[in-house]
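What follows are structure tokens for two forms of the same protein chain, given separately as structure 1 and structure 2.
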Structure 1
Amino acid sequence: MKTDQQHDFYEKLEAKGVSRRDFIKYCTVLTATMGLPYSCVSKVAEQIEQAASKPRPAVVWLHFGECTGCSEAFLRTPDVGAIILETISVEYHETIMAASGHQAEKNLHDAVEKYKGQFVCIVEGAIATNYNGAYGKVGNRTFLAIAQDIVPKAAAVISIGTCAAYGGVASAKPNPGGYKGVGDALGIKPINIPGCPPNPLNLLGVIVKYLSKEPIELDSIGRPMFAYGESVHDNCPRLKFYDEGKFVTEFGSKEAELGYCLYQLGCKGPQTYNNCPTAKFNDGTSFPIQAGHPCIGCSEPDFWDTMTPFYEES
């Protein structure tokens, strides 16, 4: 017997052309991403149903020194996953919001006041710190000043992407703007969801856990263990070739066509912690190693300096 709440939820789903079966299938993918056993699928589905019936928690999404790739990745969430996104209310997001200029500024101010101590602050991009933050501004305020004002008023802080987590490309040597990740720039410990871009499934996993008030276990550099607990190498579909000593030594070779291991072309899978081989990108379509390209280590701090040159064995 379905509860009223479930009834409403599935009616809403059907209105979107999403069947209960599609939804459960997606929950299965998400459950696996969250590192939970198959037996938890119904629990995850239930958590989403419950979240959908409650007032939506407010999200303020700030853009600093970034390329908007993380927002774009988030927008690639397939149709079914969008149901989960509807359990939150994005009150401020410069890439998608209709208002501009001082109306936009007012939205930010109002959201922060209205949901003070309750909203989730998602930060995309690194923060310029040289010359009092002179190299990055919105509405005539530096990224640094905005972050110092808004972030402490949030209930939780998520750094989305390697730039917000650890500085990313903006902080690659010689780092002209003195860019830093949010944690470093503000002296706080956010939940870091690195990757260039990060997999949107990892953000959804965090959202579901957050909404159901479950603890989110983090590694020593702030990454959720469910997504970043194992190396790319550990789960690589080409691992057997590594073990057998079968390597690609030149792109376009017979060995490349046979899908051998890319380690000798500089693959950084062994040093990189992320769930790319299992979660994959764009609704499970692929990930770089599947496309024949070595991993460049994009979810590790300072990978632009520590993992380069990318095409040399490390």
Structure 2
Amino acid sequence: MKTDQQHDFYEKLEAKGVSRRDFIKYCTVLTATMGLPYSCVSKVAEQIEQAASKPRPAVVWLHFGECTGCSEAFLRTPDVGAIILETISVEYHETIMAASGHQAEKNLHDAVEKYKGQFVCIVEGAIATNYNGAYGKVGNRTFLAIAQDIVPKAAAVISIGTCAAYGGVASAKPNPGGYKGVGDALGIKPINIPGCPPNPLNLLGVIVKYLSKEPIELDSIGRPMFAYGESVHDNCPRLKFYDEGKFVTEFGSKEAELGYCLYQLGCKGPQTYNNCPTAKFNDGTSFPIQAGHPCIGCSEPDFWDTMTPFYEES
């Protein structure tokens, strides 16, 4: 028997175009993404339902040096985006909020004061640190000043995308603005969800774990192990072995139908830790290597400098 709260939850999702079947499908994918057995699907679904029935945690989403692609990634994956927005209450987000100008700045101030010490701060984009942060401003305040003011007041901090996690494209050489990831710029240890953009399922997985008060195991550079514990190469459908100093196709396998390994075309899959081959993008349709493009290592620190040239073996 479904409770009134469950009915309420599914009605809200259906109003956003997400059927109960769609929801269970994403819970199944999310369960696998988090490295849990299939038997845990119902538990994951229940956790999300319960989270949606309780007062949702306030989220202040800050935008700094970025392209908004990380926000677009989950907003343009409607089913995942709808589920995320049913589990959190976004109090401030420059892209999706109706307010602008002074009203937007007031909303930010009011949200931070009202939920001080309780809200989740999601940061998208790198922070300029040179010249007192003069290379980036919002509302006549530097990214650095905003971050120093707001981030310490949060209960938890999530850096979404490689720019926020490690500096990303914004910090590529010569980097005159001194752009850095949130952790380096502020001297803190956020949960990093890198990628350019990251898969929205990884954000949803972190949210579910946070809401259920489950520990989130992180690697040495702050990434959730459930999403970044294996290299792209480990799970690549194009290739499974290395022979005489060169990566070659495992002929005879079903995977071989996808074509040969892209390592000699510059694929950085062996050095890149991300769950792209298993979680995929666009509702699980595909990911760059499956579409024929080499991995460029976008979830790794300093990838723009250390992984180039992108189309040569490294």
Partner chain sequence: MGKRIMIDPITRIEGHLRIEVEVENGKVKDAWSSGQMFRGIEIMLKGRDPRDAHHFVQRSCGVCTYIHALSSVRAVEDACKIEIPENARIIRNLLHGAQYQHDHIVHFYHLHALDWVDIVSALSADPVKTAKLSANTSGRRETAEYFKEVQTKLKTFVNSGQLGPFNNAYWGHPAYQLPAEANLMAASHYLEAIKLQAKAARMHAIFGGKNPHPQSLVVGGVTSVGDLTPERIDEFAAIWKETKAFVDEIYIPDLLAVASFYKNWGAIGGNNTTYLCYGDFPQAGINDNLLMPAGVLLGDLNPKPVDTLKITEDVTRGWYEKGGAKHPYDGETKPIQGEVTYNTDAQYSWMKAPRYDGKSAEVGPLARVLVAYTSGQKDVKALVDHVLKTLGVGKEALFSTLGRTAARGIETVVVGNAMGGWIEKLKSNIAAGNKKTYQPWTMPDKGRGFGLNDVPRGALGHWIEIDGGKIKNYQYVVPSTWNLGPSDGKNQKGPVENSLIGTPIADPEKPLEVLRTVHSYDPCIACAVHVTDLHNHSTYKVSVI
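As the structure is a prediction and not an experimental result, all values here were calculated from the model. Think of the rigid core as the biggest set of C-alphas that the two forms share within 1.5 Å after superposition. For numbering, take structure 1's sequence and count from 1.
J.: Pick the form predicted on its own out of these two and give me its number.
T.: Here the form predicted on its own corresponds to structure 2.
J.: Return yes or no for Q290: a CA shift of at least 2 Å between the two structures, with the rigid core superposed?
T.: Superposed on the core, Q290 moves its C-alpha less than 2 Å between the two structures.
J.: Core superposed first: is there a CA shift of 2 Å or greater at S19 between the two structures?
T.: Yes, the C-alpha position differs by at least 2 Å between the two structures.
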